[in-house]
Ligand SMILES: Cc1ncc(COP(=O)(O)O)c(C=O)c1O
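Next comes just one chain, in structure tokens: the form predicted alone.
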Amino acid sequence: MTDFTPNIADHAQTLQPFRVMKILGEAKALERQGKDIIHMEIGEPDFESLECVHDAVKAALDQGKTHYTATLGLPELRQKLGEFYADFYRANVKSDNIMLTPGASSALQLALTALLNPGDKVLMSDPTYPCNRQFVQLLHGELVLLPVDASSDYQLTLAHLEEYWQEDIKAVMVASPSNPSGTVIEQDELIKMAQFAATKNAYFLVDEIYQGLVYDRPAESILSHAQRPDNVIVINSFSKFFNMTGWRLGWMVAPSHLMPVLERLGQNLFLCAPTPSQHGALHVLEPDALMQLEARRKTFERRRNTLFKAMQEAGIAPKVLPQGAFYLYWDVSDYTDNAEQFCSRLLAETGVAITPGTDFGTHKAQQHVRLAYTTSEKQLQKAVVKIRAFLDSLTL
């Protein structure tokens, strides 16, 4: 037999796993053993996709609509998204500036591939969504990670950009609402940040995949600003607000000068987004569907309030009340300096599954954990009782 020595690329070898998947695997193993598990680890709505999506996809299949679409996506879905922006956000978005992708992660990968040369710098917060860091590193870009904490709601600000700007920064990445904190950047601040980046000839990427899932405030988009500079790229998804995670469908709104290169990249990287999913998405944007999604948003809002209040009453309230998404980012520095061990022990001893902060960066990551309120209010209250008992056991 001929000897063969594996030689995997360095950038692939250094890619970090999602630690939440380790917790999920441990939780599933405990469930198979008969243990009751409260899942608060995975960032996925516990609702199924809407029935209208299923019906639309079935109809598309029956009609043989299973072939490739154009790389930019179904023209009628791009048009429908433009109308959605006008009705939902009072934003003027042309369909020519919308591209459908196989999930929001593909949109993010596509945008960064279009922008970055090796050595280009990308500024983002620490903590942030893991893929933001990983994609930049895969493209041999350089990360500029700015530590943020509860004092700025775990978000970047204009003051951060002004103080810590560096030469060769090609792009700034923000998320509003964010993962892992669920906090938002106010629109006045957001547009000022985009304008500042434009003066530095840098792009401004805004992850809006949790927009729509906001509480005590209207849904907002940076795209509603008519005077926004031509450096703004918005990433969005049918996964979170629209409850279509497994259908793998996202989209991007980009300036006109980027659309030709994004289309060429899409042709080479994935050809097109899944055709059945696109037909299903057409119907999730209809008024009746949006009314159902609004009811689900209110459910998440009640869950947020229930979880935060229960933690307050237990004396373990997070420092920041999230304004959106379905996450709480909790500082556990009073109890541990090893969030991964903390999460593993909590799961093993109580059956409550949560995510260590180390998935989201390095800044005080071992002193933070993320809780997802993607389960019932009763389960959330039960989880807090278990967490409080676990913390009490640590001090005995």
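Note that this is a predicted model, so its numbers are computed, not measured. Numbers follow the displayed sequence, beginning with 1.
In what follows, reference is made to the form predicted together with this ligand, a form of this protein that is not presented.
Per the 4.5 Å heavy atom criterion, this ligand in the predicted bound form is contacted by stretch 236-244, the sole one of 71-79, 150-158, 308-316, 236-244.
Remark: none of the three candidate residues (97, 170 and 258) comes within 4.5 Å of this ligand in the predicted bound form, counting heavy atoms only. At least one heavy atom of residue 103 is located within 4.5 Å of this ligand in the predicted bound form. The closest non-hydrogen atom of residue 209 lies within 4.5 Å of this ligand in the predicted bound form.
Although the partner is absent here, residue 248 lies within 4.5 Å of this ligand in the predicted bound form, judged by heavy atoms. Residue contact with this ligand in the predicted bound form: residue 108 places a heavy atom within 4.5 Å of it.
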